[in-house]
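Only one chain is given next, in structure tokens, and it is the form predicted on its own.
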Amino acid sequence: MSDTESSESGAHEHHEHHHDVEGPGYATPQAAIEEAERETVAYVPSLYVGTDVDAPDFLSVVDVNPDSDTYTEVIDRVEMPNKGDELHHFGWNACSSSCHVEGLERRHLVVPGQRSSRLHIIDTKDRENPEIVKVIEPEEVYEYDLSAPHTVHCIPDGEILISMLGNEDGDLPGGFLELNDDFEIEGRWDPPGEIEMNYDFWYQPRHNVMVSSEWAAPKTYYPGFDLEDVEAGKYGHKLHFWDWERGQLQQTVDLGEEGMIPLEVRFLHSPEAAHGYVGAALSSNIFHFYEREKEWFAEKVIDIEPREHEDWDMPVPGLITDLLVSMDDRYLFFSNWLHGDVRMYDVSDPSNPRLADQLWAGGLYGPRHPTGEDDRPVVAGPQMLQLSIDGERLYWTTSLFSTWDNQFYPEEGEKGSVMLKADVNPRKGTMTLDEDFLVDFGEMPNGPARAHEIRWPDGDCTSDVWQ
């Protein structure tokens, strides 16, 4: 049986089993596509760390409703209570993995500070005017010998799992922190020391598996990127496959030199699928991972060739910093932050991705004014991506990490980030840059800000998981 056939069958059975239960999210990925309304607001962590602005980071509420008078504007800002958090990745308290849990709402955002290790809980009951309702201070996190929170995933039954990239001192090893549905620290999810490095993760309950990737110790990447750290073996190149129910490491796959710094990791959305992708940032390769006879494998399926540049002493890698899979599992999108392009691949055959389309905006090789010469310049490359649930609108921001921004794109801290959008035609497999859409984070009241990950109130292609 093909994955497509098993996917349709599995999704149908799941829908039939839980059709009368009122929980968050959608019963199946197909239900999400058919039932979700168009996104009207986007939540975007925005930060001043590494800029000349002496103010706390904030969560932006961006108007993405084209029928609104404030379309493409930041209509509300939720300021953090402290300075220097470096807001980075964030997630929901509940997603479609909990669609069987009656009474649970996808309502609260868990917004960590990457540098501070502080966890902010934000209530979005009023979608356009969210508010902070709780803060977990760093000292509470350090009690579990963990720091530097990164990926936040809701997990079934209302708990929340967060990947932590370092120990209390910012060294290795990292691990995982679990919160309960009252946003209290439940404890460590994993036995300490199972892995050294940590970064992103995704789980697939029907296969009882979680996969995690590797960046480095916070003390290594906090100051900025140094090639000598790579040569000294301080950056990761492995994928880890876990027993999801027991929280125990089952298998590690070493991606080698072609898999240096594997960052974002995504399974296909079908709960029956045993296929996924990870982007190796420094090597600029996409790996396809898959299960065969209870063993996990990874193979390089896309290779982005480095390019010569007059200002560089070495060929410039694409630096794949984010990727996502469309809700229908047909397309893979990823960004080359240094080159300045976004790519769209047809992954109908997961082992053999086919380039469908590519567009350029900023970066070292793309147009500096992609939305028109009268618009402000785009001073960095495409970075964090988010796709509408129906697969027809792709959005992205341009900030990676404050010290890395200042190293590779110093103007990002001076002029602020932008958020751009492409219109996607899933039927033809094409993207077109929307030249009328540009959110300017350089125009914030306290000064230019960086902008990072993007989330929709009703779920999205980088946070929803199905049981």
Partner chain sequence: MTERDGTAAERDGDGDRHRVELRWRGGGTETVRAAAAESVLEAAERADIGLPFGCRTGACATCTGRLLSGKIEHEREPRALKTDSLADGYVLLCIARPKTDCRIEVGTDVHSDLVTNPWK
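Residue numbers count along the first chain shown, from 1. What you see is a predicted model; the values in this text were computed from it and never measured.
The following text describes the form predicted together with its partner chain, which does not appear among the structures shown.
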Quiz item: So which of 137, 373, 184, 169 gets a non-hydrogen atom within 4.5 Å of its partner chain in the predicted complex?
Solution: 169
Quiz item: Out of 431, 41, 419, 49, which one falls within 4.5 Å of its partner chain in the predicted complex, going by heavy atoms?
Solution: 49
Quiz item: Do all of 282, 312 and 407 end up near its partner chain in the predicted complex, with near meaning a heavy atom within 4.5 Å?
Solution: yes
Practice problem: Just one of 112 to 120, 188 to 196, 288 to 296, 241 to 249 has residues with a heavy atom within 4.5 Å of its partner chain in the predicted complex, so point it out. | Solution: 112 to 120
Quiz item: Does residue 142 make contact with its partner chain in the predicted complex, using a 4.5 Å heavy atom cut-off?
Solution: yes
Quiz item: Using 4.5 Å between non-hydrogen atoms, is residue 83 touching its partner chain in the predicted complex?
Solution: yes
Quiz item: Even though its partner chain is not shown here, does residue 223 get within 4.5 Å of it in the predicted complex, heavy atoms only?
Solution: yes
Quiz item: With the partner left out of view, is residue 133 within 4.5 angstroms of its partner chain in the predicted complex by any non-hydrogen atom?
Solution: no
